[in-house]
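Shown here is one chain on its own, the form predicted alone, set out as structure tokens.
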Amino acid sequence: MVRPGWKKPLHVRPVPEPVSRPVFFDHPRLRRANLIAQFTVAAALEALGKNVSLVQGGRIRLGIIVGVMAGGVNYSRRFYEEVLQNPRTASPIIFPETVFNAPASHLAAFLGSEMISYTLVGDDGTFLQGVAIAAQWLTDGKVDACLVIGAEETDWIVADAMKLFRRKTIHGAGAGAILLKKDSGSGAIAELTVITDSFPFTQSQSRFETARRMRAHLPSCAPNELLCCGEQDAAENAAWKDWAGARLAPKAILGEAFVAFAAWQCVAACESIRQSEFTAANISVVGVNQQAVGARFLACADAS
């Protein structure tokens, strides 16, 4: 990725171009949508599967929670560049794509959903906060199902900023989503059993302490269980040094995609359970600048 004024490019892990043009690109709300909105809709449709028509037909009350950190930074940079160059010709068309809520709004419009929809802005742990909110909505009967999505897009501003703090980290992009329902039937593959408290980084509570406290809320290692983690953070590695079982840390391959990466951790854990590779999985998220939070999934007894 080119950074203005630099000869040496920045390394990023972009989302591969689709083999064929997705049908949802033709929706009026998505024709000029930013990349993060496209990633959000694609991940949501994959998570919904056959439930898409039920949501669009009003037979499922679907809640939507989208977590982002950088958000629509690509269009934001472009808009402000145009404003600085010539305020009179800055395109108002792209301005709506600069707001954090754009992906959730586009998704709700595409699905025709009029139910509750949130956008959460924060670091990696925001995705699990979204999962906790979704679980509460289901418990309270506000929705029949809830999509929780983490999404990010690449831009040289973010990639450059990352180099100032973590020189070896490569910026990534994309989205991941999970669909939560209250009942374990209808092809459910995993059960959410634990969401830990969110432990914020403060002057009196270091990353090492928050990671340790989060880890204390999750079970110890047991046979045939998986740990999904970042494994590029000294505090997280120290917190899980007692874990003797299998680990999965895809960040080295997929790149640092903030909230999207936490979503991928949950998706990978649930997929491993679906394929009967593991009977349970712990999720460990030590965010880039805000919090440590964890979760646990178990295999459903009636999974199909």
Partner chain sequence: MNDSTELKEQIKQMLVENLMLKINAGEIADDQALFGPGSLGLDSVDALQLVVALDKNYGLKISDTEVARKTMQTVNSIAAAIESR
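Positions refer to the first chain, counted from 1. Keep in mind it's a predicted model, so treat the numbers as computed, not measured.
The discussion below concerns the form predicted together with the partner chain, not included here.
Novice: Only one of Leu30, Ala249, Ala238, Val52 has a non-hydrogen atom within 4.5 angstroms of the partner chain in the predicted bound form; which is it?
Specialist: Only one listed residue qualifies here, and that residue is Leu30.
Novice: Out of the stretches listed (83-91, 146-154, 224-232, 170-178), which one is close to the partner chain in the predicted bound form, meaning heavy atoms within 4.5 Å?
Specialist: Going by heavy atoms within 4.5 Å, the stretch is 83-91.
Novice: Is it the case that Phe208, Arg212 and Phe261 all touch the partner chain in the predicted bound form, with a non-hydrogen atom of each within 4.5 angstroms?
Specialist: Spot residues vs the partner chain: no contact at all.
Novice: Verify the contact flag for Arg21: yes if a non-hydrogen atom of it lies within 4.5 Å of a non-hydrogen atom of the partner chain in the predicted bound form, no if not.
Specialist: The answer is yes: Arg21 has a heavy atom within 4.5 Å of the partner chain.
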